[in-house]
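Take a look at the structure tokens below, where one protein chain is shown in two forms, each on its own, as structure 1 and structure 2.
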Structure 1
């Protein structure tokens, strides 16, 4: 968990200082934070051994629901 947090802290600090220096628009920040927050949340869950159901399972379930897959 600590390793995951440390890796993300380094990545975010490195990118954000560049964004702030270049005075990026809010959209860049919003998209960046969305991807990094999603990655961080999933990483922490995976690191703690509580693997959430993934996109592959959602896609499979959707295809089964609409009758494409049996």
Structure 2
């Protein structure tokens, strides 16, 4: 798990240096942070031996939470 965190830290530092040099827009930073956070979450779940739930399970849980499904 520490290896995954180290790899992501190196990738983020490397990419942020490039973003700052090229002076990218805020939308690019937001998309970059979203995708890196999602990738990091999935990687940490896989490294801990837990399989991440699928989108269909997220939708089902959301519908149950709203009260559409019982």
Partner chain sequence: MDRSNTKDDWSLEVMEKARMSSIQLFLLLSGFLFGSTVILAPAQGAKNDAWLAMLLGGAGGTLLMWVYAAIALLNPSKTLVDILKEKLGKVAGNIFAVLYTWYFIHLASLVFRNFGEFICTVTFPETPMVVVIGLFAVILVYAINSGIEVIGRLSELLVPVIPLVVLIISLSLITVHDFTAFLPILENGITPVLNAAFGFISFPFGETIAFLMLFPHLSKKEKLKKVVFVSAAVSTLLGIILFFRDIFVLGSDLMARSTFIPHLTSLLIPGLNVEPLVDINLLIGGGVKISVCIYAAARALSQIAGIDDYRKLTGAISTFCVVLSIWVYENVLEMFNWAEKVWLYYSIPFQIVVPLLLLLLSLRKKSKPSNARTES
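Residues that one form lacks are left out of the comparison. Note that the rigid core is defined as the largest set of C-alphas that superpose within 1.5 Å between two forms. Positions refer to the first chain, counted from 1. Just so it is clear, the model here is predicted, and its values are computed rather than measured.
In this comparison the chain labelled structure 1 is the form predicted together with its partner chain, and the other chain is not. Superposition on the rigid core between the two structures places the CA atom of residue 59 2 Å or more away from its counterpart.
Once the two forms are aligned on their core, only one segment of at least three consecutive shared residues with Cα displacements of 2 Å or more between the two structures appears, at 53-70.
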